[in-house]
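The chain below stands alone and is given in structure tokens; this is the form predicted on its own.
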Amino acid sequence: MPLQNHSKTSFSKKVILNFKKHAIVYIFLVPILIHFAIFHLYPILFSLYITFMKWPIIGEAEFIGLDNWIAFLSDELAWKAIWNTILFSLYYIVPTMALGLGLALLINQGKKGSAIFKGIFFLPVVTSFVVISGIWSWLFKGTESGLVNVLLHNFGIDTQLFLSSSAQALIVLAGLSIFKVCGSTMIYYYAGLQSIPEEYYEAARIDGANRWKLFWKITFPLLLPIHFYVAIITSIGSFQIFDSAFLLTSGGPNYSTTTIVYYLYHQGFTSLRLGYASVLAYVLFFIIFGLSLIQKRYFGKEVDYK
């Protein structure tokens, strides 16, 4: 027993000494932890709680168990919203990464005027989404007066409905998001290109490698961490798409642009089904978490530049 008490005392002394040694660190962490608990942890736990409730905001909440989760399984519109979001991701992720990499390669050549082009390519990132959506709506207006339709007429192509077409609207929204985001993707890839030692390229050129081989054997593989990071953030962004569907199509036509976040918003703030909207939020979390794990499995490998 005395030995046990001594060990407990020693452990408590270690805790006290450690706290005194790093007291200033813990003091600075307190505001951050309080902020995290109030604005992050509490909302997460509370949203989980209301998934088991029927709460129309106006009136008292009623406990209904798993009814909201069961309702999701049989909600065809919710599954359509998930499918629309997956389609949007397919239209958006790879083109965004490819275009960002292409622009980064262009400005990385260090030619005259590359700094100007860098600013031009990055301009949509800092431009209001509302402004860009307005321009996009004018460009892809589904009438003969729409600018894109005017250009298509010069090639003998009939007037396209674009945002009024169930088959085309989601692709147009994906194009808007690509235009808005590719500038930031370009910056990520540009930073990655700057970190690749020039000696690798010089050695490969001595061995007779052309530009194509330089890209596939050196540039592309050594950018693997950037591929992983960009894939993660673009995937999360694609599954959280809301602004363009809200501003341009209101989820239509025929629910063809109703994404999971737009449907979540509609259920929570239009139909006042907060419990069911919270279920959709958790479904979205599980999808993004699973997708991130898959991407980490295939892209999340360390690269040694030495």
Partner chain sequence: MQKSARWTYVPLVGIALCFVIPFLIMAFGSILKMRIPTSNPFLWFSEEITIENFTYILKNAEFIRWIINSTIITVIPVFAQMFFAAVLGYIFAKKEFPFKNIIFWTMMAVIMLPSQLLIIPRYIMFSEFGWINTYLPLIVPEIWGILGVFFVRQYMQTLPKDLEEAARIDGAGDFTIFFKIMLPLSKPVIATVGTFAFISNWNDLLTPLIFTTSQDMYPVTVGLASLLTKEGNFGVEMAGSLLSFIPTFLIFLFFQRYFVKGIALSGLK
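Predicted model, so just to flag it, every value in this text is computed and none were measured. Positions refer to the first chain, counted from 1.
As for the form predicted in complex with its partner chain, it is not shown, yet the points below apply to it.
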Check your understanding: Can Cys182 be called a contact residue for its partner chain in the predicted complex at 4.5 Å between heavy atoms?
Key -> yes
Check your understanding: With the partner left out of view, is Pro43 within 4.5 angstroms of its partner chain in the predicted complex by any non-hydrogen atom?
Key -> yes
Practice item. May I ask you to state whether His22 is within 4.5 Å of its partner chain in the predicted complex, using heavy atom distances? Key: yes
Review point. Taking 4.5 angstroms as the cut-off for heavy atoms, does Ile70 touch its partner chain in the predicted complex?
Key: no
Exercise for review: Would you mind picking out the stretch of 83-91, 70-78, 163-171, 188-196 that comes within 4.5 angstroms of its partner chain in the predicted complex, counting non-hydrogen atoms?
Suggested key: 188-196
Review point. Between the options Ile232, Val150, Leu224, Ala204, which residue brings a heavy atom to within 4.5 Å of its partner chain in the predicted complex?
Key: Val150
Review point. For the stretch 57-81, which residues lie within 4.5 Å of its partner chain in the predicted complex by non-hydrogen atom distance?
Key: Ile57
